[in-house]
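One chain comes next, on its own, written as structure tokens: the form predicted alone.
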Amino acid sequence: MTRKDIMNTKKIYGPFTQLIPMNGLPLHGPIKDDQLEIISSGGMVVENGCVLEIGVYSELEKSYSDTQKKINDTKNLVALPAFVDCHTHICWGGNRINDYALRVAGKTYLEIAAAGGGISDTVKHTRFASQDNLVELILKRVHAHIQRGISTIEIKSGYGLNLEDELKMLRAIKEANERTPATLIPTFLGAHIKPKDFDGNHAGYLEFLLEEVVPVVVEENLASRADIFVEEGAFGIEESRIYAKQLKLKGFDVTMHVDQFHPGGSRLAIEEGCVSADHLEFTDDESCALFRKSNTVAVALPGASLGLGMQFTPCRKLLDNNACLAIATDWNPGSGPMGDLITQAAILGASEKLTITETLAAITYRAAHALRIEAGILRKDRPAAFTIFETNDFRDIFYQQGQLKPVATVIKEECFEF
């Protein structure tokens, strides 16, 4: 990958066989493909890293005749908003190859965790890693995401599980964010599991987080989002409810890992007004119906389903119940080591019978809504973050299920060409 700086002047990008701005689409519920705006022979004018104007390239070329032109000599290019990965764990040390070997040999995720593998194994390696080492590992994974057309990446802590190492992780994410044009969104996940070396029960550990760790997170402005894993072997419904309420009082947006192996947690996430409920592989019909009147985003994580060899999130039912559906990678060393958003989204879409527009919405503006930011959309006066594929039909991106890679990703004032 080469990196080219873009000077703070106007530039016109195009012509694109198709330009997909993702404007004017609903935030909730199903989307038909004929609702998608496609600008043929499109172009985009960018000034100081922001979108100045979008339209037909030939008309923009006349209006901005003295503007520097970019990527105007290649046929059959498609431009879309850069993608948003709204759930990752890409700050970690070590690997979990042994876990994978045990899983494919028949052991379950919960059995492996109970035997000392799983999250606890990654905690050990992440605690051992220095902050500098974690920063470099994050940046390596961020660059891989940029090559996949992703410009906005949520990153969780949760492999430190004590004061020193949770703060180390969040500080590493903050430092990495200062060293990349991509937007990194930190989430405090101290409540991933209760660490084996904590002398107390689950409620006591959550109290420790609230009293000892959260104040420093707030003081250093390390995260404004917090997460908790609500599941057998992690944290129960009522202790998670108390924890979530306390975090909201402290000004955090709260999200939850729920329904990964058992139903019930999504009801809690909706009742507590969480910004998102993530995983949802075992969400039942009753819980799906609760999303109908909720602004809690349903985040599907097909990478975890593929990594664990288990069922997908019931995305079609969620959309038909008016949910705002996002799709993210869950990129982590254990259950979701692939980290390829397009491949995962395409496979999930085929399995769950999602329209291509529904799938695209789930990795752009709807994923951004799970983070409560505006991204995944191309609009005047907004940051110019878009990705470019060499094809004459944007549907080819999903048809090839991740094998068609971007030729460039533009993020604000920087262009990465591949």
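This structure is a prediction, so every number in the text was calculated from the model and none was measured. In case it trips you up, residue 1 is the first one in the sequence shown, and so on.
The same protein also has a form predicted in complex with ligand NIG, omitted here; what follows describes it.
Q: Just one of 328-336, 282-290, 127-135, 167-175 has heavy atoms within 4.5 Å of ligand NIG in the model of the complex; which?
A: Flagged stretch: 328-336.
Q: Against ligand NIG in the model of the complex, would F188 count as a contact residue? Criterion: heavy atoms within 4.5 Å.
A: Result no; F188 lies far from ligand NIG in the model of the complex.
Q: Is Y159 one of the residues lying within 4.5 Å of ligand NIG in the model of the complex, judged by heavy atom distances?
A: Yes, Y159 sits close enough to ligand NIG in the model of the complex that at least one of its heavy atoms falls within 4.5 Å.
Q: Indicate whether Y205 is a 4.5 Å heavy atom neighbour of ligand NIG in the model of the complex.
A: Result no; Y205 lies far from ligand NIG in the model of the complex.
Q: Is it the case that H145, even though its partner is missing from this view, gets within 4.5 Å of ligand NIG in the model of the complex, heavy atoms only?
A: Taking the distances in the model of the complex, the answer for H145 is no, it never comes within 4.5 Å of ligand NIG.
Q: Check each of A345, V297, V78, I119 and return the one that places a heavy atom within 4.5 angstroms of ligand NIG in the model of the complex.
A: Spelling it out, the residue with a heavy atom inside the cut-off is I119.
Q: Answer with one of S276, S151, S240, Q260: the residue that has a non-hydrogen atom within 4.5 Å of ligand NIG in the model of the complex.
A: Partner contact (heavy atom, 4.5 Å) among the options: Q260.
Q: Counting only heavy atoms, which residues in 181-196 are within 4.5 Å of ligand NIG in the model of the complex?
A: The stretch 181-196, when checked against ligand NIG in the model of the complex, contributes only H192 at the 4.5 Å heavy-atom cut-off.
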